[in-house]
Structures are given as structure tokens and as C-alpha cells.
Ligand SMILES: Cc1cc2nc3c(=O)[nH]c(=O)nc-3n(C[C@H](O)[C@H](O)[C@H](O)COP(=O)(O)OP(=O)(O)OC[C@H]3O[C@@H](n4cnc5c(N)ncnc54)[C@H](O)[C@@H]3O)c2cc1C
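Shown below, as C-alpha cells, is a lone chain in the form predicted on its own; questions about how it binds or moves come after it.
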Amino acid sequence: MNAGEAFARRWLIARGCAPVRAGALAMAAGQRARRYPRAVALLRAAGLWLIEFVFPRLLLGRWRRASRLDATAFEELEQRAHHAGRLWIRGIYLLARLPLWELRHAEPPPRQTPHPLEPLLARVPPLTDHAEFDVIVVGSGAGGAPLAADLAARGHRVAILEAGGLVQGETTAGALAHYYLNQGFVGGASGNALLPVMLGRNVGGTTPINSATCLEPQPPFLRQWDRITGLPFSDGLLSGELARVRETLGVCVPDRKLLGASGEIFERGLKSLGREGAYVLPRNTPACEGLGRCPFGCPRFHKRSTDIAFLPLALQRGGVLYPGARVDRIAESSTGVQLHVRFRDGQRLSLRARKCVLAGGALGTPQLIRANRLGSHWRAAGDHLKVHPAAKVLALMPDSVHGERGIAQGMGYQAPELPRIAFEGIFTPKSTVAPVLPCAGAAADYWMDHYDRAASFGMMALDRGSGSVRWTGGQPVLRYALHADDVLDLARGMKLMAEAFFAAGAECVLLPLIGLRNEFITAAQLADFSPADVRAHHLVASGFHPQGTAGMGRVADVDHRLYGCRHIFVSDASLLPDTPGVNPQLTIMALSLRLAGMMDTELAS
């Protein structure tokens, strides 16, 4: 048994597994980790060696292998590694346990349903070398699919190239492994917090695995867009396109009977505090059954993500879609654009189009721009990265909650004193919440053993800071530091959520903090918690909705065209000049339809 398996087996035994089962799970975890992205798998292997041989000396002052520590010493090692002030120690220890938690809390797969796109894809003719189109769209998510469907309906020859595949019903762990970019391992080389950024690479981009929330851009933030671009966004520039998107997506407010229990508990607590205004979030799920699987792919395909709402329209109107297609090179000439494409089966083709639309997302599009030096401002691509840092509070209620049932992100709230914090419901299964619990050892075991009584609610910050993304060795590397004011807002937000849960009858709350007290059993104890004491490295958070890396007014002009190009456009989250103040799905789709109208006029001429 190697050092990694020895530590993994010892950790599983400490978590209550029988020795024989612990050994089998340790081996399975090693096999699972070898399927991580190569750099991550190598880092985990090196980290396990450090944990086994170095951490006992570094953290406990003991010359002994971690797997041979007695129960008391092993628990102390777990606590010190988990709560270490140095981010690299915490990161290594988190990575070591990820596949262990995943296997220990594995869930049965949902019932499979054939994807509605499969029959349409079966009729798409094979591509040939030097094939020509009016428009090639690189990416099929919120920015690419609406435009492709609209242009195909107007009679243009449209091809959509997508690196990912179809999203099917999967377990939580399976969805993370197959549908999230780099299996969820997208993070930074520098920064002041551990902040993994979550986004998809699928037919439909991230839309099949988002939480289905559909909110329109907010006027205070659109006024900042006005200042950056000189366009009247705050005066309803996108109102027509937003209406079309809402209709196509079937945006509606779901019946409260479909909501998860956590939202009702949080709303009840707010009312006990004298706070009104919690509301049910509009969603693109008109036929929702409340399965609670939105972030992992709806097994019934009731979420009208772009693979359900827009791509069938594109194919029915004469467009073609090619999954598993990666664009290696792009070159513009006076008459159009040439793309060199590599397919999953090894085939390589050269394609031509009159126009090309980059819709690969806030990380993928700047990579294409920089790698091919597209436009006059290509050096700025990848800068001005914005994300929405998000965190959640857990509460232990007196009775069973079964938070995994019903719509997880169904309830929203806006606190007047925190205008840059959006409160939104969230609940995640054991296999994904366990690795990121802000507690470890026996305390984490207690929360997992009583998870049927756990309620949770989340929040995201509309960030003030910015960072950058660059690609190294085929992997995105982010440089992003949390702004101090965002940290303070998040700390104030978590205290508000904890107060609401106590007001609703919680027996205990767990704040998303490491290195500070994070567990409270009374509201009186919580009153002593000072948000001003929280620093970025204390937060247990993730980043969502990356955007702005090829922004309008910075890399592209107000017509979405790359500066210095005639035939290459941008249509995805990278184009956003600044945050729209909400989850950006509707905003990106509306911008996509705006570009389609302008391109139709240009193509016709």
C-alpha cells in the first residue's frame, strides 16, 4: 500500500468505515483521482505524500507517519490541516479528501431519459474539409445558441462548433466529472482565498448545469454600462430581446409547493426578524417537478437551457451543430474567416465562413483571441475578469428538512443595507457539500450524520475587484483576489442568514469560515460575531458567472466586433462591460439576439 492509500485508509477508518471497506474505498479513490486533470492528479499525489510524511512533523511536531497516528493525534492533525492559516496546506488537504468524500457519500444515478437533441443531431450531415458557411459560431451556450437559432431562421448557413457533449442525467459526482470545466478544478495561481470557479463545457455551455434562475439586468448596474459604452442600456436598449428570451425560455415563477424546505425556513426567519420582501425566483423551468438536480443536469430535461430551448430551433431551421469540436486556429482575411478544427475522433478540418462569432465563455473566448492574436486589442483579452463570489450558511433544525427535495435555488432576498449581496437559496448533496464544510473531523461527521436536518441558504457578491485569466498547458489559470469590501459584505451577509435561521428555530448554525469561530448554538453567541474580523483567507467560497474578459469597450466595440477585425465578433459572458447585477444568463442571451439582428443586416448587404 502506497503512502496515499495508507493515509486515505486511515482517514476513512477515522470516519467510521470498517477496515476492509476502507481499504477498498481508498483504492477506488486513487483510481478516481487519476482521472482528474493531469496537473490536479499530480498535485494530489504529491500532496498525499506530504500529508503522510511531512504534515505530522509540520503541524504536530511529531516524527511519525500520519496513517500511524493514534485516534487523538490523527483528529488533531485533521483539525490543524483543515484550519491552517496557509492556503497551500488547506488546499492540499482539501484535494486529498475530495474523492474520499465523493465515494463515501455516493448516490444512486437518476433515471436516464434520452436527450431531445439526439434525433436532430443524428440527421446533421458530416463535415467535409474546406466546408463553407455564412456564420460559424464557436460555442453553444447562452451567447452562441440564441444567435445561431436566430440567424438560421433568417436563412443564413450557420454551423455551431462545441467542444463539449450532451448533458445526460448523472450522479452529482458524475456531473462534476463530465460536465464541469476541468471537473470543477478552475482556480488561481495567486490570490487571497481559495476560490474555485464553476462553469460548464457542454452542448449548451453552462446553461444545462446552472440553477435555472432568470433575472433581468438591474438599472443601477446598467447605468455603469452606459458610462463604459455610450449606449442607453439603462433606457431599455435590450427590452425587446429580453422579452423574446423570456418567451423562448418559458420563464415563470414556480409554485411554492415545488420549493425546497430551506427557502421556506429562511423566509420564516426573516419575517420573525421583521424583514419582508423574500420572493420566489423566476426560472426557465415551466414543467419543473422539483427534483432538485438543476446544477447537475435535469434528468427530465425540464430546464429550458439552450440545448433544449434554442439549439433544436437552430437545427430545425437548417443550422448544423458539431459536438466534440475544438478550434485550434482562427485567421481572418478580407473576405472572411478560416478556422482549423480538431474533433474528438482525431479528425482535423479547415472551415471557412463569412463571419465568425466567438461564444466560448469568459475563459475560453479570451484564450482564442490571445492564441490567435485576433484584433488590435488582443493583449487585453483575459483581463478585467469579474466573478460572483458565493458562500452559504448551514443550519441544524429540530426536525427533518430533507433539503435535497424540491427546487434548491427557489427563494431570493435583497437586504436594503447590502445592495451588492444577492441572497439566493441553495442546497447541495452530501457528496459535494462534505469536502467544503468549514469544519473537519468529528464535527464534520456530526453534520453529515444529521444532514437530513440541515437547511441552507446562500449569497453571492457583485464583486468590486477584478482579475485575469491566462491559459497554460491547456489549462485556465486565474489571478483573482477578493476585494476587502466584498469580504465585509459577505461576512455581514452570513451573519444575517444565521440570525434568520435562529429566528426560525435552528439549534445550531455553521458559517462558511475557517480560522475563526464558525459554529454557534444560540443567537446570543452569534451576536458576538464581528464581520469586521473576517479576512478573505477565512472564507469558504466559490466563484460563479465569470465575465468581462473581452469586454465591450475594451476588446470589442459596441457592435460586438473585435477591435481591428471586420468579420469576428464576441457573444458570451466575456463581452459584458461590467456585472449586470444578477445571474447573467438572460442578459447574455439578450445581447446574443441583439448581435444576430445586426449581423443579419450586414450579411444581407
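What you see is a predicted model, and the numbers here were worked out from it, not measured in a lab. Residue numbers here begin at 1 and follow the sequence given.
Another form, the form predicted together with the named molecule, is not on view; read the next lines as being about it.
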property: Residue among 212, 148, 381, 357 with a heavy atom within 4.5 Å of the named molecule in the predicted complex; result: 212
property: Listed residue (439, 325, 153, 477) with a non-hydrogen atom within 4.5 angstroms of the named molecule in the predicted complex; result: 325
property: Interface membership of residue 140, the named molecule in the predicted complex, 4.5 Å heavy atom rule; result: yes
property: Exercise: residue 545 in contact with the named molecule in the predicted complex, heavy atom 4.5 Å; result: yes
property: Contact flag, residue 115 vs the named molecule in the predicted complex, heavy atom cut 4.5 Å; result: no
property: Partner contact for residue 180 in the predicted complex: the named molecule, 4.5 angstroms, heavy atom; result: yes
property: Stretch from 565-573, 58-66, 28-36, 532-540 whose residues place a heavy atom within 4.5 Å of the named molecule in the predicted complex; result: 565-573
property: Residues of stretch 341-371 in contact with the named molecule in the predicted complex (4.5 Å, non-hydrogen atom); result: 359, 360, 361, 362, 364, 368
